[in-house]
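Considered here are two forms of the same protein chain, supplied as structure tokens in two stand-alone entries, structure 1 and structure 2.
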Structure 1
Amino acid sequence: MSDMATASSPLIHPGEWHIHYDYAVGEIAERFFTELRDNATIYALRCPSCKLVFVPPRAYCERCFVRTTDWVKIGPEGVIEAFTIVYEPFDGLPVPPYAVAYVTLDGASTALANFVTDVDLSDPEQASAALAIGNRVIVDFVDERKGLITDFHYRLL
């Protein structure tokens, strides 16, 4: 076997996956996105059993295992439950820095993530103080809404 070739460096075969998906939004989320786009309004669904108000809305309550039925208008103000400020770039994600917060909108039981704008992010300590848990925000809708979650963001009150 002495005449067999020997590798001088690890041999790598490059590969890429390009898969297109058509994610069905479904009737429940379609209503959420349509209200967002057409009426600049955020809707949630309430469980008829435990009364939790879910946003994003979903067709079922995973705790009570019953179908949710009651649409509830929520916001436009809410309270920060969790936040972070992104300073390093992530593959495929927005250019940093940007602030993200989970906000429980008034009338909702669950927190909904979105960007927080109009915060000076140059100093991490100062920015984090401004975004402190418990601080209140208001929803700002963009002018040209497309029926996407990025049709709005949060702004500190």
Structure 2
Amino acid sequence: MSDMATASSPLIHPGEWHIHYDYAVGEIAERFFTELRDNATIYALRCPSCKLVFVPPRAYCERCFVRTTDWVKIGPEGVIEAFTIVYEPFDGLPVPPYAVAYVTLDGASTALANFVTDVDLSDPEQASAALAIGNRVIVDFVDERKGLITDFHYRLL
């Protein structure tokens, strides 16, 4: 290498992409989101072979690779598997602080992330204790549903 190549910094050009896009969610997700919107209900798919229950629903079992065919209603309660409390702002997300929990709903084998409401987040230690792994939550649906994951949130029991 020449002295010039080793002494120079890499050339960096800053840039941003802001792209709006619409996409078809597919047959499986369409039913999942339609049930959220129209019936305020969370459905999952159960593997006919190993009986794992997937939410969000998946077309094929990740354990035995069999097509999932059995729709089952799950919840409305569940257990917190993991959580985070966000105190810094991110574009496109609520004004902090807010909490997100990964919850295994009753009847499901997998967990689903969503916002947790009605928790005092002003003291991180107290909020963490309230959101502790193993604590139970219930699903609360919003009044005006749009067929989005934000049609519901979790609330501590």
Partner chain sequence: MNIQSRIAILGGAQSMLGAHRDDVRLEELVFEAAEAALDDAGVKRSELDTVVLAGSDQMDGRSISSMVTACPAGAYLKDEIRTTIEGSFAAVLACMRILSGEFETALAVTWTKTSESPYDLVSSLSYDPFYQRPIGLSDVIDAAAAVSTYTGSKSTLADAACSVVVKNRSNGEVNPRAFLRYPMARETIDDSPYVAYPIRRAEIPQACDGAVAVLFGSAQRAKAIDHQPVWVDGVGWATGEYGIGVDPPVHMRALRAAAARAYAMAGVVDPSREFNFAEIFDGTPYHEIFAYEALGLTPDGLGPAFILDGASERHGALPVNPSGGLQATNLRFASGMSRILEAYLQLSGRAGPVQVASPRQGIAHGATTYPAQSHAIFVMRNY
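Since this is a predicted model, take the numbers as computed values, not measurements. In this text, the rigid core denotes the largest set of C-alpha atoms whose superposition between the two forms falls within 1.5 Å. All residue numbers here refer to structure 1's sequence, counted from 1.
Structure 2, not structure 1, is the form predicted on its own. Relative to the superposed rigid core, the position of the CA of P94 differs between structures 1 and 2 by 2 Å or more. Once the rigid core is matched between structures 1 and 2, the CA atom of H18 is found 4.3 Å away.
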